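The form predicted alone is given below as one chain in structure tokens.
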Amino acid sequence: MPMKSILAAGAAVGVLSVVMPVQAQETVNAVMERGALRCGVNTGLAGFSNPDSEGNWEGLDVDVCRAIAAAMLGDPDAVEFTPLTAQQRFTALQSGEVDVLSRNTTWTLTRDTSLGLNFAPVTFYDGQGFMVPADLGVTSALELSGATVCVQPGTTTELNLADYFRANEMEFEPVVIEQIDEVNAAFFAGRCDVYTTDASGLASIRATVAPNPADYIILPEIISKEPLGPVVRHGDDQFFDIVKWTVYALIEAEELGVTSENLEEMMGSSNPSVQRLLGVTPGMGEALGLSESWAHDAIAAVGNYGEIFERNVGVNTPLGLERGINDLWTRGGLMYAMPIR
């Protein structure tokens, strides 16, 4: 290779080494300068992201945003929530309208690649199901041939629905409606025989929207894998790392027995893993470009993953969900934090 070309290549590498870190910190810098995290959430799904009677957002996905804000800014209330429909969500993230999407969004290959997005760790493992009126008289999704089905467009739900009926040689008539409150109204008004979405969503809608929850049943079939979690833009590695490791910190805290209630007591633990997690042993915060109290602040704000789950969707909430596959790996579930060290 001629010397001039070698020098040119070296100069290009030098430029990249200077430019890339600046580009990689764009979102982090914007959040820090703004003093708030912009988080895209569902327009209203009880247990996951829903405004209360005073307009305060609450739910599992909301708590993830609050944890990220606490880790970055030391303040779980430094979040601007933007409600987004399924069709709006990706454009809002791509355009920079929101910094992170925490909105029951399924991780798929095409979304991960062609949309310019990165998926952080899963915060809720789900699967698609079907809800019907009890008086329809069916007990299995395989009895739904010829049914009208309420479904939202621009979702994996819409695609899975078509695949399932085709694979089982059944016919159906889709009733496609974008706004979730309009889908709910259509189903409970009898415009369609079946409502299909994530099973957790069906549990939420039946518990909080149905005129009489006992009049509706969720069929036993789960027809897909729906791993749900936060999403960020490609090309901003530092922000991706912060979102990713904040989720892991919430899971790790549960693994280590660190809760929002015993947090200050655990600061005195002799367990090296607890010391690293809570910043007693420094290094983890510096690696992320954050305060050493990043994980401590996140846990103090919303609790560990188990606390978040139980408070928002667990057995003592209207949704009444068991931990199941969303339990820790040590108890037979899929929740597993990468080592914080």
Partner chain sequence: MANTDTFVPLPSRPPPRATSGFLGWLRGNLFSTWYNALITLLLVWFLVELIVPIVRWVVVDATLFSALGTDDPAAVCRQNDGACWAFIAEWWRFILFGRYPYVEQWRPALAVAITIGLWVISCDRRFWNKRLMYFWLVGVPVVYILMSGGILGLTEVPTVNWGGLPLTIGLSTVGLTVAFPLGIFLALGRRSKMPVIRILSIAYIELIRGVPLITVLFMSSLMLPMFLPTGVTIDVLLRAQIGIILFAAAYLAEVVRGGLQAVPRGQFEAADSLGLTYWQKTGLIVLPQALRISIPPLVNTFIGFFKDTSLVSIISLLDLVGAAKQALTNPSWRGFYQESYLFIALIFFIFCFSMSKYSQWLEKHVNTGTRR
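Positions refer to the first chain, counted from 1. This one's a predicted model, so the numbers in the text were calculated from it and none came from an experiment.
Note that the form predicted together with its partner chain isn't included here; everything after this is about it.
J.: Pick the stretch from 85-93, 257-265, 122-130, 216-224 whose residues have a heavy atom within 4.5 Å of its partner chain in the predicted complex.
T.: Residues of 85-93 come within 4.5 Å of the partner.
J.: Pick from 188, 107, 81, 172: which has a non-hydrogen atom within 4.5 Å of its partner chain in the predicted complex?
T.: That would be 81.
J.: Give me the residue from 178, 97, 77, 112 that has a heavy atom within 4.5 Å of its partner chain in the predicted complex.
T.: In short, 97.
J.: Are 240, 247 and 339 jointly within 4.5 Å of its partner chain in the predicted complex, each by at least one heavy atom?
T.: Per the other structure, none of 240, 247 and 339 touch its partner chain.
J.: Please run the contact check for residue 45 against its partner chain in the predicted complex: heavy atoms, 4.5 angstroms, yes or no?
T.: Heavy-atom contact with its partner chain at 4.5 Å: present for residue 45.
J.: So, residue 157 and its partner chain: in the predicted complex, are they within 4.5 Å at any heavy atom pair?
T.: Outside the cut-off, so no.
J.: Any of the heavy atoms of residue 307 lying within 4.5 Å of its partner chain in the predicted complex?
T.: Because no heavy atom of residue 307 falls inside 4.5 Å of its partner chain in the predicted complex, the answer is no.
J.: Is residue 33 near its partner chain? Define near as a heavy atom within 4.5 Å, in the predicted complex.
T.: No, residue 33 is distant from the partner.
J.: Heavy atom within 4.5 Å of its partner chain in the predicted complex: which residues of 30-64 meet that condition, in order?
T.: The stretch touches the partner through 43, 44, 45, 46, 47, 50, 51, 52, 53, 54, 55, 57, 58.
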